[in-house]
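Only one chain is shown below, in structure tokens, and it's the form predicted alone.
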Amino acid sequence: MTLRQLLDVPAPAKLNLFLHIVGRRADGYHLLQSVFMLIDWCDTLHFERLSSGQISRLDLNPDLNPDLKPGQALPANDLVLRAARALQSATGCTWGAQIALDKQIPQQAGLGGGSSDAASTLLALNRLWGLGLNGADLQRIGLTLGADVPFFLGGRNAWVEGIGETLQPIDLQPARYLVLKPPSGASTPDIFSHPSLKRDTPRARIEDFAASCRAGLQGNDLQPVAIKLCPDIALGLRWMAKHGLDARMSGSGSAVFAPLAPGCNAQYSVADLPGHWVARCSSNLQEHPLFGWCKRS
């Protein structure tokens, strides 16, 4: 039976356990090393197949998009729409889709929400439209949409290099993290174009990370610049330190996170933070919820 709808499709966030900038290509793209880890903080998407070939998208949670009214369509350059149209273009598919998003992952947080939404869109429409593309096919399309999209399509926690396209799956121990996101966001282009950004961190080896998660792989090279551009990041880090938590920024921010001690069930009060901060205790995932939705070769 041909699918007409796919409902409650998850799109999980990620944390960067570390992030180093190790160089820059001639075309201006930065070369990185990082460990990307999936967490159980998810957006949810709903898809309905359309015979018209049109692609549309609605936001079901405008609270995280304050400039939108309920049910209002998002801009034409939205990553979900771009992913759907890129899949149409790459395959010549004549089906369309109406896509609705329950947005829970904050924007401009360094949590990969937009990229994850795009990846889940590719996975869902590949199934809804009956295209049968494998993981490598989707990865090629995903990389045209953004450097983080291939990670979410890969479906596993990963050691990441290059501009985000070189992935080596890794196993991580189950853990919980406290994540804080201020109301302000950090601009990724502004951070990467900043003249004081450190771009020459020595390359590390995956063996170093396997031996010890802290063996020379501490910190986030984007964090000092991001703090200059978004002072709320420093406020979040200070709040974490006050509560005895060793925190750092994820991705290009502005969210900060810290591991919680094993077995710790403490609930951290954010009453002493300014209003409109988002705080969440999240667990890591061993694989993407949609890991089995396409062939891996």
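Because the structure is a prediction, the values reported are computed rather than measured. Start at 1 with the first residue shown and count on from there.
Absent from the display: the form predicted together with a small molecule. The rest refers to it.
The small molecule isn't shown here, but in the predicted bound form, which of 131 to 139, 85 to 93, 186 to 194, 173 to 181 has heavy atoms within 4.5 Å of it? It is the stretch 186 to 194.
Quiz item: Within a 4.5 Å heavy atom cut-off, is L81 in contact with the small molecule in the predicted bound form?
Solution: Residue-level check for L81: no, no contact with the small molecule.
* **the small molecule contact in the predicted bound form: G244, any heavy atom under 4.5 Å** => G244: no, not in contact with the small molecule in the predicted bound form.
* For C42, is any heavy atom within 4.5 Å of the small molecule in the predicted bound form, or not? -> Contact check for C42: no, nothing within 4.5 Å of the small molecule in the predicted bound form.
inquiry  = When the contact criterion is heavy atoms within 4.5 Å, does L32 count as touching the small molecule in the predicted bound form?
reply    = Yes, L32 sits close enough to the small molecule in the predicted bound form that at least one of its heavy atoms falls within 4.5 Å.
Name the residue from I163, I227, A204, A100 that puts a heavy atom within 4.5 Å of the small molecule in the predicted bound form. Spelling it out, the residue with a heavy atom inside the cut-off is I163.
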